[in-house]
Each structure stands twice: as C-alpha cells, then as structure tokens.
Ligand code: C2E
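As structure tokens, one chain now follows by itself in the form predicted alone.
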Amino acid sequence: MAHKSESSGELAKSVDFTGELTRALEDEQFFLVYQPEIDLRSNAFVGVEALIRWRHPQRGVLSPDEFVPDLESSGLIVAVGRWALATACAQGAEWHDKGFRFTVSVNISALQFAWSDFVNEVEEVLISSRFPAGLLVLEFAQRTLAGDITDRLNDLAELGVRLSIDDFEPGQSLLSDIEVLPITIVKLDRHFVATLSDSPAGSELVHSLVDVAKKSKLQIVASGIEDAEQRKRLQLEEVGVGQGFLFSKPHEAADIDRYLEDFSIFSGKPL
C-alpha cells in the first residue's frame, strides 16, 4: 500500500510539474541566453549558441538540466522548441539588421526533429523573421540522427541552413557515418575537451578527427573551453572555432548588444 501511495505521489508531482511547464510557456517565463563562439586563431566573434533558461516564479532561474527532461517526457519540447527557434531567429535578424554577420545556433530535440511539419516550420520562421538561412545553425544530438533521416536533413539543407552534430566524442563515433549526411559542422563534446590537458590519446583523436574533417569539408567547433591550455591544444590541432567560459559565459541578448557596441566584431578581443 505504501508503495502504491508513493507511486501515486510521484505521478501527481509529475503531472503538476507538467502543468507548471505549460504555464511557463503561456506566461513567457522561458527565455534565451546566448554563448559566444570565437575564432581560435583571430579571436573574432563568429557566432552564438542559443540556450534556454526558465525564470521560475518561486525557484528563480533554472538551467536546462532541471526541466528539459520533463519537457521531453511530456512532449512539450515540441512547442517550446518551436518558440526557441522563432525567438532565436528573430534575435538573429535584429543583430543582422544592425550590421552584424554571425551565426546563431539552435538545439533541436529528437521529438521536434521527428515532427511531421518541422521542415515547413523552419522555412516559415526564416521567412517571418527575415533571418538569412545561411546564418542559422541547427544542432542535433547524435542519437537524433539514428534511423532513416537523410531525406529530412536534405530538405533542411536545401533551405540553406547549416546542420551540426552536437556533443561529438571522437572515441565513440565515426565520421564515416556523417559523411553521407549533409552535415557541415561537428561540435566536440565539452567532456572530451576537458580531458585534452592530461590525455595525449585525446589529442591524437582530435588530430585524426581534424584530418578527416578537412577531407570532408567539415568545420570543427570545440565546446566547453575552460582554460588557456585547452585552447592551445585545440589550436595546435587546427580546430577553428570554440566556445566556453574562457571566452564568455552565456548572456541575454541585451548584454550581447552591449558587447557588440563596445567591441568591433573583428577587433580580436574576446568577450
């Protein structure tokens, strides 16, 4: 009986949290922050990644780990993902209108990608926001790309957007699986980047990855760069672009605006 009561309690808690998430979308409690992406050779500001946050009325600002799994399990990730894509493109168009030409990356969940009207939604967002398709990067987790998804990726590529694999780990994945897809960017997993300072084997894997990427005309982006040693090793391996707290934490759009006002986009100064 106790076990049954406990299970019922957990179910009630889950249902209640789903209701909170629904209200959060309706009441505009979700917001986006943007983490800069930096050219590791020139220090130029080359893009941002849009990341979701929840300004909870009682618990304060929540990180994605605290609510995205519930968005996914409830299916609300499709609606929230649609909002995030539209918001990021509208913000990207605003920056573009001010004369800044950098990419905006948006994470796409497996459920969102599987949505039957997803490609049309991307096209409609690009048209309504007037954000250039070539500056939009859609990021997919590797598990999202399982199965027969080539046609859908080709449809997205035909819109002119760039496609990226997120959280790529060279030791567990083969680029040969990617070469048959219209992927143009591979983002190294932050946990893998964290091992570079004390792992010669990790540097060898990055070296092999970059070699294959060059032949396949893929861009390598390193995420989670925390210190100068990691940056140095990535530069030695000719990884072109990186992001992480070494350069800047994620900021709301208004803070990015202030940075862009204070620094020339090609000033060579990190944020």
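One-based numbering along the sequence shown. None of the values given here were measured: they were computed from a predicted structure.
Just so it is clear, the following notes concern the form predicted together with the named molecule, a form of the same protein that is not shown.
Visitor: Quick check on this chain: which one of 238, 211, 70, 226 has a heavy atom within 4.5 Å of the named molecule in the predicted bound form?
Guide: Checking each option against the named molecule in the predicted bound form, the one that comes within 4.5 Å is 226.
Visitor: Name the residue from 50, 218, 205, 46 that puts a heavy atom within 4.5 Å of the named molecule in the predicted bound form.
Guide: Checking each option against the named molecule in the predicted bound form, the one that comes within 4.5 Å is 50.
Visitor: Would residue 165 count as a contact of the named molecule in the predicted bound form, using a 4.5 angstroms cut-off between non-hydrogen atoms?
Guide: Although the named molecule is absent here, residue 165 would stay clear of it in the predicted bound form, with no heavy atoms inside 4.5 Å.
Visitor: Can you tell me whether residue 65 touches the named molecule? I mean in the predicted bound form, with a 4.5 angstroms heavy atom cut-off.
Guide: Residue 65: yes, in contact with the named molecule in the predicted bound form.
Visitor: Is there any non-hydrogen atom of residue 84 lying within 4.5 Å of the named molecule in the predicted bound form?
Guide: Result yes; residue 84 sits at the interface with the named molecule in the predicted bound form.
Visitor: Given that the named molecule is not shown alongside this chain, does residue 186 nevertheless sit within 4.5 Å of it in the predicted bound form, heavy atom to heavy atom?
Guide: It does not: once the named molecule is placed as it appears in the predicted bound form, residue 186 has no heavy atom within 4.5 Å of it.
Visitor: Which of these stretches, 121-129, 102-110, 178-186, 147-155, has heavy atoms within 4.5 Å of the named molecule in the predicted bound form?
Guide: One stretch meets the cut-off, namely 102-110.
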